[in-house]
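Coming up is one lone chain in structure tokens, specifically the form predicted alone.
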Amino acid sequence: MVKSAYIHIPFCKSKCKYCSFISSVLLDLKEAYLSALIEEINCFYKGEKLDTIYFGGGTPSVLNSEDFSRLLNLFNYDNETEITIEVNPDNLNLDYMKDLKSIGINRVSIGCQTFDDNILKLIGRRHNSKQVYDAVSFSNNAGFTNISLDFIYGLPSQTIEGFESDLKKAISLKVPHISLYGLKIEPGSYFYLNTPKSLPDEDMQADMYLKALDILKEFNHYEISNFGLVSRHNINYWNNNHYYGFGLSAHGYVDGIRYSNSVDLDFYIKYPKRHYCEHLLSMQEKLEEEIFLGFRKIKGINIQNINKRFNIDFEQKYEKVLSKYKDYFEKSQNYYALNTSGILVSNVILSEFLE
């Protein structure tokens, strides 16, 4: 049964230079997009009671609380449902956060990226460090207790000392959750065609990650990039459970089928009930995804469950990989997990589980 839904809000006032996600600055299309989004949800959502709802982007906080009410009213949920909204610090105020809280949104993910104002300008962010502090204050005063700060490390001109300062400032704000993502310059981003100067290399990114593990050691490190109070939406994804994906470029996983929506805004608005791509996973593909996603979790994968679900002997089937990288795994009872060294080269290791 599907218990989670992701809703993509693609609009941004401007695009950050590192961003390769599908977004649009055509805010005048907001109403047409919302109408299409409602049509898609009404077509595919089957009325299940949802455990999590997640508004991602883009910049979801370009919508007003009435917009979110219209969307939330389409779903079956209750006070226990985790409802997350991603927000940018540049367009928040206390009244807006109170309005979001009053309609049932109970988790806020604030896109901070760094507290360094010079780097924020360099990467094309619209906010400054003071606005991050204000965003946390507004969220607290509005009654939010589940707040996440998102950071990127490996930014242009960023030093290990600067990154350490970012994390210590985040800790001082007493937020219960912190997410960390290493900068990856992908096609579709401004930086892909205009490589920034003073870009930390992979070794420095690894050192930054190790520094974060030390600084955030009091946080619950539950997934490679996530620390603190567990996001039920995040963990649903890493547990390889089903979820709806609604909106432009959204991906979903329902009834064993991976699907994605169009990345063309005009096309999506015109044909919101058409999935761009659908793929029914084979058992081998399901197994590989179970492994690939499961190893993102710090506790790793439960081989007893995998053996039962897929009728295999995990240790026998993957004996060569486990032996080749034995120094990068930890085994405890029924679990295999990547150790710290394994996390740093996880992409290389996990690729060897794919046939």
Ligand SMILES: C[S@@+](CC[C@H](N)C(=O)[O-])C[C@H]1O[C@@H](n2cnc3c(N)ncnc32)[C@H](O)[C@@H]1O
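Heads up: residue numbers just count along the shown sequence, starting at 1. Predicted model, so just to flag it, every value in this text is computed and none were measured.
The same protein also exists as the form predicted together with the named molecule; that form is not shown, yet it is the one meant from here on.
A.B. asks: Do Y336 and the named molecule share at least one heavy atom pair within 4.5 Å in the predicted bound form?
C.D. replies: Contact with the named molecule, no.
A.B. asks: Evaluate V132 for contact with the named molecule in the predicted bound form, applying a 4.5 angstroms cut-off between non-hydrogen atoms, and reply yes or no.
C.D. replies: Although the named molecule is absent here, V132 would stay clear of it in the predicted bound form, with no heavy atoms inside 4.5 Å.
A.B. asks: How about T59 - does it come within 4.5 Å of the named molecule in the predicted bound form, if we only consider non-hydrogen atoms?
C.D. replies: Flag for T59 set to yes.
A.B. asks: Would E285 count as touching the named molecule in the predicted bound form under a 4.5 Å heavy atom rule?
C.D. replies: Looking in the predicted bound form, residue contacts with the named molecule do not include E285, since no heavy atom lies within 4.5 Å.
A.B. asks: Out of the stretches listed (238-246, 162-170, 81-89, 194-202), which one is close to the named molecule in the predicted bound form, meaning heavy atoms within 4.5 Å?
C.D. replies: Residues of 81-89 come within 4.5 Å of the partner.
A.B. asks: Out of L183, L71, I105, I119, which one falls within 4.5 Å of the named molecule in the predicted bound form, going by heavy atoms?
C.D. replies: By the 4.5 Å criterion, the partner-contacting residue is L183.
A.B. asks: Sort through V175, A142, I152, L265 and report the residue having a heavy atom within 4.5 Å of the named molecule in the predicted bound form.
C.D. replies: Flagged contact: I152.
A.B. asks: Can you name the residues of 103-120 that have a non-hydrogen atom within 4.5 angstroms of the named molecule in the predicted bound form?
C.D. replies: Result: G111, Q113.
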